[in-house]
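The form predicted alone is given below as one chain in structure tokens.
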Amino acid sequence: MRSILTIILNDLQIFFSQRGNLPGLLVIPVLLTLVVGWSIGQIGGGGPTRLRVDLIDLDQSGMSAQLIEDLRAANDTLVLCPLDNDAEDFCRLDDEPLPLERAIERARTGRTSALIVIPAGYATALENFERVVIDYYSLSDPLQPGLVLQSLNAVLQRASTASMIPGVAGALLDNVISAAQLPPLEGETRDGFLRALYLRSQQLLTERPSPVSFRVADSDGSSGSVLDNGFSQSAPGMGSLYVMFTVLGGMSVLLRERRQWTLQRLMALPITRAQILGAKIGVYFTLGIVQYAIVFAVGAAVGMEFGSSPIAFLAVMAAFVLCITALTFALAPWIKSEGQANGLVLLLSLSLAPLGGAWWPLEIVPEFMQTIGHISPVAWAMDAFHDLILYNGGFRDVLPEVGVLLATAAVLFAVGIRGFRYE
């Protein structure tokens, strides 16, 4: 073990002593993270393009179903769980039911943007023009209502307006009948008239478009979540991009070490080939983690949230770096020149990064491109980072992404170790 650590420390010392490596490790990633994070935040593209919202319908009536449809129509970015869950389990339900207790806990821990509970008796209360209360759970500040609450308020305002119309109309009707000295309208005739009026008013209000827009601002009028949203995309995205630049650059270094007989001299020492290979893998794995740490330090400096599970966050970082390290060693035996290696680094980094959503959220591209994008390991890492940062996920939530990255790394390491050349 001491021999492996000695080789790792020696190679890292050589890497950091070469000043040409420092701009690509420190300066450019930091600047791009700042610029991209600020830019994305200004155009509002850093946050999730779909919002996970739990909805429990205890009434199961036609009117509660209409409320749900109106909510979908008011804001198509809301994914109502479990009703709108997809094959990829966007709601993160793990094929388990969603009772009220679990839904409340998910809202309290930030696993969903909000929880909406339609109470039993909702339809009956509306039909009888009685007061009804819908429970809303969220970690967002009620004094600065977010997108979900504004959408719900817009829908409920229409429902409340529809409920008020029969009451006002009933009072006017009674006054007109009294003034005209006509027989009072009572019983089922009066109730039927008012109910028909309510249904018609609800239909007219539903047909009327109700666009919803929002902006949460600080007391000075600036947007309070711009930087956080922007860096939630740019920090993991730029970090993943420059991890590839740094780690894949090891292909040219390994080629240079073979040509300069560095590897051959290591083989003359009383250490095994496995120790040499393990040390070289450790060098580039360490560099990848250092690159991530630098970029995420920038995010932390501007107030970026990292979620509540640092272990899960580190696991995603380690799995992605290990995958890219494995890709480096799988390709290294086939490299014939440093020019070829440098060209391949640029090609892979600048294709896998945007394809996998490092530059923009994959959710804004067509569905078929989202599927193709998951050819890139960047997509799996970004999915996991978003789940941790935006939805306060835990280790269990990112296990599928970490598993895919580790499985890919295992396959690539098998290829790379088998073909690794020491001379």
Partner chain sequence: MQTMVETRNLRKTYSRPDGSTIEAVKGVNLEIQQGEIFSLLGPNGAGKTTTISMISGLVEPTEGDATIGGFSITKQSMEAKRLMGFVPQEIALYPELSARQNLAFFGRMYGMGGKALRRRVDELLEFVDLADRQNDRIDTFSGGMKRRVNIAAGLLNSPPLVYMDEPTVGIDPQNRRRVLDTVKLLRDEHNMTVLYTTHLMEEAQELSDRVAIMDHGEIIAMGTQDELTQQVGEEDRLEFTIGAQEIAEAVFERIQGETPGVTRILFNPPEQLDEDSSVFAPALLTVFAKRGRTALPQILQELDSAGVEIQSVAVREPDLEAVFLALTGRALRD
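Residue numbers count along the first chain shown, from 1. This structure is a prediction, so every number in the text was calculated from the model and none was measured.
The same protein also exists as the form predicted in complex with its partner chain; that form is not shown, yet it is the one meant from here on.
- Listed stretches are 85-93, 230-238, 293-301, 253-261; the contact stretch with its partner chain in the predicted bound form is 253-261, by a heavy atom cutoff of 4.5 Å.
- Taking a 4.5 Å heavy atom cutoff to its partner chain in the predicted bound form, the contact residue among I14, L25, V411, L399 is I14.
- Although the partner is absent here, A268 is a contact residue: one of its heavy atoms lies within 4.5 angstroms of its partner chain in the predicted bound form.
- Using a 4.5 angstroms limit between non-hydrogen atoms, R2 touches its partner chain in the predicted bound form.
- Of the heavy atoms in R273, some are within 4.5 Å of its partner chain in the predicted bound form.
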